[in-house]
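Before any questions on binding or motion, here is one chain by itself as structure tokens, the form predicted alone.
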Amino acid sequence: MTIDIRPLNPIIGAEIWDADLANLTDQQFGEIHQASVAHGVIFFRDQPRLSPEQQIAFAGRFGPVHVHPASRGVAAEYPGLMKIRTTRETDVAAGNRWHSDVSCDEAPPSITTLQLHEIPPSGGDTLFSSMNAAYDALSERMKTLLDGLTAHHSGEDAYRRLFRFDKPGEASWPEADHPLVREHPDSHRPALYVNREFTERINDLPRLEARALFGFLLDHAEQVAFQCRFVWSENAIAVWDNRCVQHHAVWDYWPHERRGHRVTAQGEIPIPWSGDPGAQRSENLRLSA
């Protein structure tokens, strides 16, 4: 190993040392990628402030850069780079409830990279929760119930009402149905895929049953037992996998400011968990042959 990996706890999260993200070798990136698969979210301190080009290049090693729905169709110098800023005038802080980034897309993001250039003197931590651990903790009867169920994810409420983003021509925001339990394409582990920001409802069940199950799963996914907490330092970088991790950026630092840059990598259409690791991928390969 050319990097130093220090787990935050046995469930989720690790700090990575001895890596300069602006000058990574292929071997170092391979080790970082494996660490992200193993720990769900990884953190880098003592980094230089990455230029937009450098951060886009780093995120792009995980896959093509994902463009946020609010930026699509808008001319930008750096497509895919989002400026994150919360000030004393902010009405709604981005990320201030549990979510998986843009899960309303048909093919949601995989990896998100976030570097904070300015942090408040106190507060502003980010919580991360393992959806692998959340699924594993369910009873076998509950896992059987969830098998094959889907949920509807929508950006309408979050983007139009909460954040009041403009959408030219009154076009709708992304909506998609995804499996309640998805298989990670690299680890082949099952992960619960339902979140408070974008998931609207569970399909395939009567309304009252779906509502009760939905509430339970949201509360279950947010248990402290599945979490780690990151205390930011200036120019630190967090890298998390939206396919198996949720996060919550705690807004407890008003009137101070928090700002930085976020770049995400494009993910794949979620693969439903079949109970047999890799089975769906093998079937897809067979059908495409």
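From 1 onward, residues are counted along the sequence shown. All values reported here derive from a predicted model rather than from experimental measurement.
The discussion below concerns the form predicted together with a small molecule, not included here.
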If contact means a heavy atom within 4.5 Å, which one of 186 to 194, 209 to 217, 97 to 105, 145 to 153 is the stretch that engages the small molecule in the predicted bound form? 97 to 105
Taking the small molecule as it sits in the predicted bound form, is residue 226 near enough to touch it, meaning that at least one heavy atom pair lies within 4.5 angstroms? no
Under a 4.5 Å heavy atom criterion, is residue 138 part of the interface with the small molecule in the predicted bound form? no
Quick one: is residue 114 in contact with the small molecule in the predicted bound form, heavy atoms, 4.5 Å cut-off? yes
With a cut-off of 4.5 Å between heavy atoms, is residue 84 one of the residues that contacts the small molecule in the predicted bound form? yes
Candidate spot 126, 249 and 262, all three touching the small molecule in the predicted bound form (heavy atom, 4.5 Å): yes
